[in-house]
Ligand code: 26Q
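Only one chain is shown below, in structure tokens, and it's the form predicted on its own.
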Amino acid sequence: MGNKTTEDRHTATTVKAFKKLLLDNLYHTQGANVYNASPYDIYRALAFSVRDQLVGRWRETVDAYYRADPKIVIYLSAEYLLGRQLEKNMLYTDTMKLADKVFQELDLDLDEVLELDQEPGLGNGGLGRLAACFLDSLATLSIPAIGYGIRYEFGIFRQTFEDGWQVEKADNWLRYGNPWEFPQPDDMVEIGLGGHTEHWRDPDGHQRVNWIPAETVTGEPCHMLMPGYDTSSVHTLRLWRARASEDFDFGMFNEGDYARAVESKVRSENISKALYPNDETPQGKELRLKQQYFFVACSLSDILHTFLSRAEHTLETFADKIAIQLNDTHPVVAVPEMMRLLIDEHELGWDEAWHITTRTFGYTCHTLLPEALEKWPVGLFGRVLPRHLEIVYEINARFLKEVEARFPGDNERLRRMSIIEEGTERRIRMAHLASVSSHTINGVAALQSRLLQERTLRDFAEMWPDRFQNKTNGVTPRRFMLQSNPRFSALITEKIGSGWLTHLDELSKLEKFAGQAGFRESFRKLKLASKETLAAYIFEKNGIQVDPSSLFDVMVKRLHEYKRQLLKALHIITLYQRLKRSGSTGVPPITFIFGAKAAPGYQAAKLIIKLIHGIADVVNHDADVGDALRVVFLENFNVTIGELVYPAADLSEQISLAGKEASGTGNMKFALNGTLTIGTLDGANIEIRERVGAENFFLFGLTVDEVLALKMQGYDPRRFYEENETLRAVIDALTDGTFSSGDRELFNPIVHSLLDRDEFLLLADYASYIERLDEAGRAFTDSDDWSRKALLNVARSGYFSSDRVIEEYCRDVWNASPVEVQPQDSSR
């Protein structure tokens, strides 16, 4: 695997050398010896030993990129859902076998130590996981790149359940430190917040502006190493944590006002405490805006400083050397910040600064939901970032002149396209700001990219059609196959070689084996083993005994009404009532597995979680059910749990209302692990179905055009309720106390939302959904044919690689090229 550096005391390619390195780190980093070390001491020593392997490659990467002076990709993302680092880094450094032998010699339990590795609390859902996949692919492809984000102290939250209700607790992932990071307090950046601006003219008569902040916050960078697979390239993920400019007011402390003595420290450091603070309150909105500005301001300061530290670099060549990608709207405040730095700090003229800015930024839109396209109240924005509001106004004024020139007299178009949304509360449309300021705008699946152009950002697509592209998402097979499903990965490699791990389209070679009975049998045995592993985890964590031979019907994703976990719940009630009526469900035994977090302020989503738990409590304890149905809700779903779930699933639920899901990447992870999909024609489901074959995908539901037509003609959900006796019985069960311990009022909000509004058309799609699920159940009884279909899903899903996506970005958006990292003499 990859190129090796000359071995020194920090690298190890033999069992003897790795053992020495491990013991040295145990003594020097933990102050412990092998005879009295705790498992955590051993974990830290192992982590540092593996990190040592990465550091040498990282140094070589930095040196190679400095010599080549290439174009560098900067990825700005509010979250990175990295997953555990120890096992991945051992795979990428070829140290897993070394460690296994050393641990055997020392009579230590390697599995126990691997379990101590904490998943970094730096992300939440698909957006953060995609960012992590992109970092992996950028390094694997040796594309010079740096990721920037926030080092959250407590992540999103740790989910627990109490009486079926979600309870949020602090995700204290840093309690024992993070052996994978390098804090760099000598590179701290100071940023301003609030205050006012002063306008003046310089001696040459140019208009100048000084921003006088009311407070300052210091950003301290910490970087983590992101290695590529089968390469020497190791990239940097640079994360910022907030520090108060003045930690402690000694005068107030001496006066006895101890709380106010540290008030500034607490206020400043709240910025990097948690991912996505609840913005239901004015204070939450302000904290989230400060959080977004904090990380982009620190990042741009760092980028410009590093870029200009080379004498041959000038601002005129900045966009030739730097490509900055905005991962959704969270980092879009980087646009006015870039303009501020260029105009106010570097004293460029507006046109020159704007030329640099628009050539530098690209914008990826990950949503079609209006509420996900951020809009900041002008009053709040101006109070927190007064200079930036002035810049946004100027950008908008110049932009609207351009629109007027292009579409004279079209005042309605001006209103629609303006960056400033008028109304009772004027707001800044961040998606509009990103679209105006970026040279490229891309969606993340073919359907979503089309809808962006036809609906969400239609006016911008009409004005600048050449700016719009599609980049269908992908996932890394290293994390979601090699690491999470090693036995199946080994079987694939045995048949087609290991090249598929970096060229995922080579999975197509598996197609000929799908027709071989022996190969299908081998696959079934491995799938069953994965299901047994997950079943053991479920019993340990949930106390529920599930049958590994049952159909594992899985829905793990962020809890949102448009993703329609509620539709899945209605299906379970349907089968339960069918069983109670006739003594049979008409389908084989099914284990329903959920995993999802609801945003802390999202009450409707939390009530759906409560309902699913209520259903589980009834179904799992009803003697009439027996082994026919089991319902499991996995607590605190994350990457680590996902690595157990994806290999074990039989049926993947991708059932969002058509036109609502941007892409999805869970659908790709499941397909690559031999899971069949039931889904709508939404997001990347469409492209998955096209590639794996319609006969190997369970399709149901309305299309995007049918959804639009139904809503335009006046959708009446009560009609479906009245006309479908089975559906009516299911919904009535929500208010008869069956699933709420006799409480007939608890789920009334859900029933009212379905019958009075049903925004996501669950009732319209219900009959089609139930019919296709029954078909899937019957298909599962033919285990051999099911295995064939599952293997064809694997063989035909090679397109959904994050490596392929990054290659497309490099070609079509960033104009970036790989730089080969050659190992250097480590004795230098």
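Owing to the predicted nature of the structure, the values given are computational and were not obtained by experimental measurement. One rule holds for the numbers: they count along the sequence shown, beginning at 1.
Below, we refer to the form predicted together with the named molecule, which is not included among the displayed structures.
Answer with open or blocked: the shown chain lacks the ligand, so superimpose the named molecule from its arrangement in the predicted bound form and check for 3 or more ligand atoms within 2.4 Å of backbone or C-beta atoms.
After C-alpha superposition the pocket is open.
Considering the named molecule in the predicted bound form, find the one stretch among 712 to 720, 105 to 113, 565 to 573, 658 to 666 with heavy atoms no farther than 4.5 Å from it.
In the other structure, the partner sits against 658 to 666.
Even though the named molecule is not shown here, does it sit in the predicted bound form so that Ile156, Ser272 and Met430 each have a heavy atom within 4.5 Å?
Checking in the predicted bound form: none of Ile156, Ser272 and Met430 is within 4.5 Å of the named molecule.
Which residue, Thr160, Asn172, Gln207, Gln283, is the contact with the named molecule in the predicted bound form, using a 4.5 Å heavy atom cutoff?
Filtering the options by heavy-atom distance leaves Gln283.
Looking at Pro221, Gly614, Gly126, Gly228, which has any heavy atom no more than 4.5 Å from the named molecule in the predicted bound form?
That would be Gly126.
Although the named molecule is absent from this view, report whether Phe407 comes within 4.5 Å of it in the predicted bound form, heavy atoms only.
No, Phe407 sits far enough from the named molecule in the predicted bound form that none of its heavy atoms falls within 4.5 Å.
Decide whether Asp553 counts as a contact residue for the named molecule in the predicted bound form under a heavy atom distance cut-off of 4.5 Å.
Asp553 lies outside the contact set for the named molecule.
Is Val475 close enough to touch the named molecule in the predicted bound form, meaning at least one heavy atom pair within 4.5 Å?
Close contact is absent here: in the predicted bound form, Val475 is far from the named molecule, nothing within 4.5 Å, heavy atoms only.
Although the partner isn't part of this model, could you tell me whether Thr456 comes within 4.5 Å of the named molecule in the predicted bound form, counting any heavy atom of the residue?
Outside the cut-off, so no.
Can you name the residues of 265 to 295 that have a heavy atom within 4.5 Å of the named molecule in the predicted bound form?
Tyr276, Asn278, Asp279, Glu280, Pro282, Gln283, Arg288, Gln292, in sequence order.
Since the Cα-Cα distance for Glu390 and Asp279 shifts by 3 angstroms or more in the predicted bound form, is it a contraction (closer) or an expansion (farther)?
It is farther: in the predicted bound form, the C-alpha atoms of Glu390 and Asp279 lie at least 3 Å more apart than they do here.
Are Ile428 and Gln283 closer or farther apart at the Cα level in the predicted bound form than shown, by 3 Å or more?
Their C-alpha distance shrinks by at least 3 Å in the predicted bound form.
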